[in-house]
Structure formats: C-alpha cells, structure tokens
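Taking the form predicted on its own, here's one chain by itself in structure tokens.
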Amino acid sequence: MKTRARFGVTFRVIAVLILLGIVVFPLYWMFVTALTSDEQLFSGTTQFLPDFSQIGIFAEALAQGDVLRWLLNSFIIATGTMAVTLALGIPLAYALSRFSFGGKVVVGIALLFTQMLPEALLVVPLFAIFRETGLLNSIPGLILADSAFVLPVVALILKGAFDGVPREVDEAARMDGARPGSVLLRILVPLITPSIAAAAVIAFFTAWNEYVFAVTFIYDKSLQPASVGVAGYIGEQDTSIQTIMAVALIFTLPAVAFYLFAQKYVIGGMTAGAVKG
C-alpha cells in the first residue's frame, strides 16, 4: 500500500510539473527571445538561457510607440466590459433561473447559439450598427461589442450558480417582505460571489485579448488596445522579433497577475457551477 501511495504522489507531482511547464514555458520562451541578439537569433543555434546584456530591449520597447497608452486602453476596455457584462448578466441569469416566462427556452437556446458563431461573422452587422449610431472608433463602442460577445457565457455560468441556491432561500426572504430585486442583491448575490468572480475574470480576459473587433472598429491609434498595438510591430519589410516579444510579454504580465490574484475565485466559481448547475 505504501508503495502504491508513493507512486500515486510521484505521478501527481510529475503531472503537475508537466502542466506547469506547458503553461509557463511560452512566457519563458518569450523572455529568452526578447533577450536574444540578432546574431544569436539567426545563428541557427537555439538559445535556452536569456542574455541579460540585452535587458535594455524592454526599456526600448516602452519608449517606442504608445505601449503604456495601449495598456491603459486595454485596461479600460477590459474593466468596462467586465462591469457591463455583470450588470446585464446577473439579472438575466437570475430571471432564467427563478422565473417562468414566455420564450424562456428560446432565450436559453439563443445564448448557446451565439457561442457557435465565429466572431468574424458579427463584425459586419456590428460595423453597420456602430456607423449609424456613432459608436465607431470609440472605446464605449468596443466595450459594448465585447460585452455582447461574452454576455452569453457569463449568463450561463451565473444561471448555474443561481440554480445551485435552494429556492427555499428566496421564499424565506419573500415571506419576510423582501422584493425580487432585494432578494437578488442582498441574499443571492452574496451567496454566489465565487461564481460572479469567475464570470468577471472570464469577461476581463475576453476583452483584454480581443483583436478582431478592436482592429475593425478602432482606427485612431491613440484609442487602440494593446492587442492591436502589438500586431502593429509586424512590418512588411522589417520586423523586430525581440521588440515584439518584449511588448507581448509586457502585455501579458498584467493579465497573468490579475489571474493569479483571482484564481481561487475562478476555480471555486467554475467548480460550483459545474456541480450545482
């Protein structure tokens, strides 16, 4: 038994190390590539260790273009999308979970159907709508587009969380005189906080990494998010791979830090939705 238990522990440790390597290695490779000189990069030999004499590439990357502005735009778009999605997704999920109304099944199927549509198919109709409403080339317009795309996912996650809360909780609150809105905000929302945090992280990352809407709807460089700005470093005749890797790493680190901060809520929320939904 001890041998079997020891083998199980060793297997789990190896599995965790392999998964950790798969997740971390791309970031490490971006870091090594950013610190590799042109001579080393095109010498035909692979560099596995960073050359810290090239560390100045990060300062040069920050000095070029509008990296900090792009990061600020990405942060505004991601947090705005997260706020709009939660503001709409929480009452939508609550209605789907707790109330019976005509077309409820259709709404649920429509939420699933929207997730089967590729993002590129939505660009043309949204472009026409935004052109007529004056939302083109504006950060609020991009926030609305990203929110529309991620809202179904958030609503379905939160619906599973609401389904996991016994209806007796609602009924007890209503017997005490609470209205539906008060039951939602004061009773149910605190009970599903982990799932709300998980949905918020998903909305944030979707908007942070979104590219197709941003490159189509935003044509003023000062309003571009970092996802579009990084792609702008790719030139037709000359492309600095080191600069692209440095900017991409700078673009990635805030999102990684945010995920590490919220990971316990993400895991708890997704697990709650999977078990109780």
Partner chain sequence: MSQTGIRRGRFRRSPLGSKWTPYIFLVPAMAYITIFQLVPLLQEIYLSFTKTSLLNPGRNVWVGFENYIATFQSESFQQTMLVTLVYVVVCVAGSVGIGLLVALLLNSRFPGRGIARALVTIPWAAPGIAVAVIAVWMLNAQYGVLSRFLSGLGVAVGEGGVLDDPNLALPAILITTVWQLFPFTAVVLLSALQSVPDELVEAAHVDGAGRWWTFRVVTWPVIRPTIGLIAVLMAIWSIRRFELIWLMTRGGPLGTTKTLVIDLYSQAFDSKQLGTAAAIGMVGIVISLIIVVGGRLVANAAERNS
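Residue numbers count along the first chain shown, from 1. If you superpose the two forms and keep the largest set of C-alpha atoms that fall within 1.5 Å, you have the rigid core. On a predicted model such as this, the values are computed, not experimentally measured, just so you know.
Below, we refer to the form predicted in complex with its partner chain, which is not included among the displayed structures.
Subject >> Among 96-104, 157-165, 69-77, 187-195, the region lying within 4.5 Å of its partner chain in the predicted bound form by heavy atom distance >> reply: Contact-bearing stretch, as computed: 96-104.
Original post:
Can Asn209 be called a contact residue for its partner chain in the predicted bound form at 4.5 Å between heavy atoms?
Top reply: Close contact exists here: in the predicted bound form, Asn209 approaches its partner chain to within 4.5 Å, heavy atoms only.
Original post:
Hey, in the predicted bound form, does Ser227 get a heavy atom within 4.5 angstroms of its partner chain?
Top reply: The answer is yes: Ser227 has a heavy atom within 4.5 Å of its partner chain.
Original post:
How about Leu144: is it within 4.5 Å of its partner chain in the predicted bound form, going by heavy atoms?
Top reply: Close contact exists here: in the predicted bound form, Leu144 approaches its partner chain to within 4.5 Å, heavy atoms only.
Original post:
Do Val215 and its partner chain come within 4.5 Å of each other in the predicted bound form, heavy atoms counted?
Top reply: Val215: contacts its partner chain in the predicted bound form.
Original post:
Taking its partner chain in the predicted bound form, which residues along 16-31 bring a heavy atom to within 4.5 Å of it?
Top reply: Heavy-atom contacts to its partner chain in the predicted bound form: Val16, Leu19, Leu20, Ile22, Val23, Val24, Phe25, Pro26, Leu27, Trp29, Met30.
Subject >> Residue shift check between this form and the one not shown, rigid core fit, Ser222 Cα at least 2 Å >> reply: No, because once the rigid core is superposed, the C-alpha of Ser222 moves less than 2 Å between this form and the one not shown.
**OP:** Inspect the rigid-core superposition and answer whether the C-alpha of Asn209 shifts by 2 angstroms or more between this form and the one not shown.
**Re:** No, the C-alpha position differs by under 2 Å between this form and the one not shown.
Subject >> Did Phe42 shift 2 Å or more between this form and the one not shown, C-alpha, core superposed >> reply: After core superposition, the displacement of the Phe42 C-alpha between this form and the one not shown reaches the 2 Å mark, so yes.
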